[in-house]
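Shown here is one chain on its own, the form predicted alone, set out as structure tokens.
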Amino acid sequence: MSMVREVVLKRAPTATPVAEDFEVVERAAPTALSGQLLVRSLYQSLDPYVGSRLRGRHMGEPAPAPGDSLPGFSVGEVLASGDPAFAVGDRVVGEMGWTEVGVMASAETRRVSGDLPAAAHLGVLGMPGLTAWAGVTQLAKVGAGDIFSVDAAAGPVGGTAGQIARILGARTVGLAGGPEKCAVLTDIYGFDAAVDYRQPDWIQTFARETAPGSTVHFENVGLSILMPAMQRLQTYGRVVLCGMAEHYHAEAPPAQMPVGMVIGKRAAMLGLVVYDFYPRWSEWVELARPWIAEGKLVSVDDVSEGVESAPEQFARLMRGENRGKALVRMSDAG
């Protein structure tokens, strides 16, 4: 019997997840039933929302129990198909756990082109890219003349959001932690300016780089950035609330901000849940494809090797140590 390795939950996290919360197990290779695909994973995506999901704090979804498979997208190749719409050898993206070989539900799986790097379908063309596109173009409707600010800007959502805004004609200012991440913003993503929020004078620098104030702010972190950003938002500015990462694991009341500030700024607060835009994924991919080909839209991948590296790679993501999109390249990936 063929065996495969999979990362599962070892113990329920009680705080920010760490590597010791997971373990690698060997399981019998599954088979694809009707409506399923047996897939060999090439890359596994690791995403911040999974940390909240593991603690039962994400969109009302239940937390996995110890021994359960873990949520997350993979890109891989079909080994066997229980759906006539998919053939052996197709490259696909879907959810199947952090495993070398697993099963995807064909109804929830997308076939993707093989003419782009496999990892791109988990990053700039994956859920992070779709999130960025939805917030920038569908909610905030960024265009020429906007001053666009975004935090966690070295990550895949923030970095893609800034690049889309730049392509659409906005001035782009990104916030990130440390000089290395700030260099990614200006030297790779092409932001107009980068602000290191770890510097004591970052608020003054942010105010200078966004003068006379952001017209759009894309929030990924939480109140420590959102409140200063709101103070420097132009009247009638738009704020996209995408993530509140610093609050996900806090043992404290939910994050709150004074609504008077929103009224005073006449601001539009736009909540973003990427699930709403899943039916439009192909629209984003077709828009992004020529931008990628022309070098207008780029990505930075932070890749670890082999399924056994996933626990520590995920812990790095939870600590904010990743540089770009956190991925695991499976040991047998081509």
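Please read these numbers as outputs of a predicted model, since none were measured by experiment. For every residue, the number given is its place in the sequence shown, counted from 1.
Same protein, other form: the form predicted in complex with a further copy of the same chain, not shown, and the subject of what follows.
Enquirer: Going by a heavy atom distance of 4.5 Å, is R57 a contact of a further copy of the same chain in the model of the complex?
Expert: Judged by the heavy-atom cut-off of 4.5 Å, R57 is well away from a further copy of the same chain in the model of the complex.
Enquirer: Is L272 close to a further copy of the same chain in the model of the complex, meaning a heavy atom pair under 4.5 Å apart or at it?
Expert: So L272 counts as contacting a further copy of the same chain.
Enquirer: Quick one: does Y49 come within 4.5 Å of a further copy of the same chain in the model of the complex, counting heavy atoms only?
Expert: Close contact is absent here: in the model of the complex, Y49 is far from a further copy of the same chain, nothing within 4.5 Å, heavy atoms only.
Enquirer: With the cut-off set at 4.5 Å between non-hydrogen atoms, does A144 touch a further copy of the same chain in the model of the complex?
Expert: Close contact is absent here: in the model of the complex, A144 is far from a further copy of the same chain, nothing within 4.5 Å, heavy atoms only.
Enquirer: Within 4.5 angstroms, counting heavy atoms, which one of the listed stretches 163 to 171, 249 to 257, 195 to 203, 147 to 155 is next to a further copy of the same chain in the model of the complex?
Expert: In short, 249 to 257.
Enquirer: What is the one choice in A107, V262, I188, A80 with a heavy atom within 4.5 Å of a further copy of the same chain in the model of the complex?
Expert: Of the candidates A107, V262, I188, A80, V262 is the one lying within 4.5 Å of a further copy of the same chain in the model of the complex.
Enquirer: Which residue, L241, A207, L116, V112, has a heavy atom that falls within 4.5 Å of a further copy of the same chain in the model of the complex?
Expert: After the contact test, the surviving option is L241.
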